[in-house]
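First, one chain by itself: the form predicted on its own, in structure tokens.
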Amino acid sequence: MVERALDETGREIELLDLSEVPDDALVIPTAMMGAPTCIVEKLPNGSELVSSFQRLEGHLGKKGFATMPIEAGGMNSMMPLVVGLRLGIPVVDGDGMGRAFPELFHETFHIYGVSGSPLVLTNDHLDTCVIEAHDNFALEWFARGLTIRMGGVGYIAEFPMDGATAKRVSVSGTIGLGLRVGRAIREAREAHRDPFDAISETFASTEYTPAKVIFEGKVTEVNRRTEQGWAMGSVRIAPHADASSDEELFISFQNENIIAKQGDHVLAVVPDLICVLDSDTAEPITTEELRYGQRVKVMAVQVPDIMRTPEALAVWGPRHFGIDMDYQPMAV
């Protein structure tokens, strides 16, 4: 979608540092909402998000200066780039999660006091709804129900805020960091170096550290279902024959990987990142793409301090996902 928008518009993506956004400018984040499994069959073309953005502008009676991601993972790291190209506006280099999470209130925007309302939700037929809710939990509940009615996926513009607020509540520089990680993997493969070493080295100079491989093996079981608007389930990964332990790795997910355990030992848990990667190429394997027989390495990445405050952990720590434990940093 981004490549097509680049070709069709003849524009370049204008990526703005948060410090470059005027304090009084209107920033409107954009994203896909729903179960990634549904997108495999219900492909978007980009007009859905543009429609949501423009409808929210009309509702607010003000032109949006820029868009930005609500999360820095998967499809939603790319969606705002399509909006920026189609509308000829900048994209802010930052987001509201510092990773991907499954619910609308899993946002630094929410944690630090921004209302997600009004929210505009559009489907693949360009049917559009405007939602104004009394808080962000109700907003998630209403929007999730409508998304399910839309076939499990919809496209949203929400958390409208001014530039001064965006600077205060956003995780900065995450699109740029994604570019650095991707470039490191590509260059390592071209030079026949270990791409996993390149990933760890790249993260080491950032707030996302440490980053390390915690397990490697073969996918032996995937249990996945689309439920309540999410891709829910688990994956089991058996260690290689020469591993020091024959105990398999169990990962539970809700759109994103939530916890990685080997027996009763927790290797990583939210909000830290748990990333399943192809063991040869280091290409990421998202939860909807997991298959029996894949040979993988699992990396854990510790997230920045802004994502591990008491206020943040109350929203997206392990207990929110029904895990009976407090957050524990990954072992270095």
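Nothing here was measured: the structure is a model prediction, and the numbers come from that model. Counting begins at 1, following the sequence as shown.
Omitted here: the form predicted in complex with a further copy of the same chain. The next part is about that form.
Discussion item. When the contact criterion is heavy atoms within 4.5 Å, does K212 count as touching a further copy of the same chain in the predicted complex?
Written reply: K212: no, not in contact with a further copy of the same chain in the predicted complex.
Worksheet item: Any chance G176 has a heavy atom within 4.5 Å of a further copy of the same chain in the predicted complex?
Response: No, G176 stays farther than 4.5 Å from a further copy of the same chain in the predicted complex.
Worksheet item: With the cut-off set at 4.5 Å between non-hydrogen atoms, does H192 touch a further copy of the same chain in the predicted complex?
Response: Outside the cut-off, so no.
Practice prompt. Check whether K297 has any heavy atom within 4.5 Å of a heavy atom of a further copy of the same chain in the predicted complex, and answer yes or no.
Written response: K297: no, not in contact with a further copy of the same chain in the predicted complex.
Practice prompt. May I ask you to choose, among L81, C129, I111, A184, the residue with a heavy atom within 4.5 Å of a further copy of the same chain in the predicted complex?
Written response: Checking each option against a further copy of the same chain in the predicted complex, the one that comes within 4.5 Å is C129.
Fill in: A133, M161, V169, I89 - the one with a heavy atom within 4.5 Å of a further copy of the same chain in the predicted complex
Result of the distance check: A133.
Worksheet entry | Which of 233-241, 136-144, 203-211, 91-99 lines the interface with a further copy of the same chain in the predicted complex (heavy atom within 4.5 Å) | Answer to the contact question: 136-144.
Discussion item. Need the contact residues for 46-66: heavy atom within 4.5 Å of a further copy of the same chain in the predicted complex, sequence order, or none if there are none.
Written reply: Read in sequence order, the residues that approach a further copy of the same chain (within 4.5 Å, in the predicted complex) are R55, H59.
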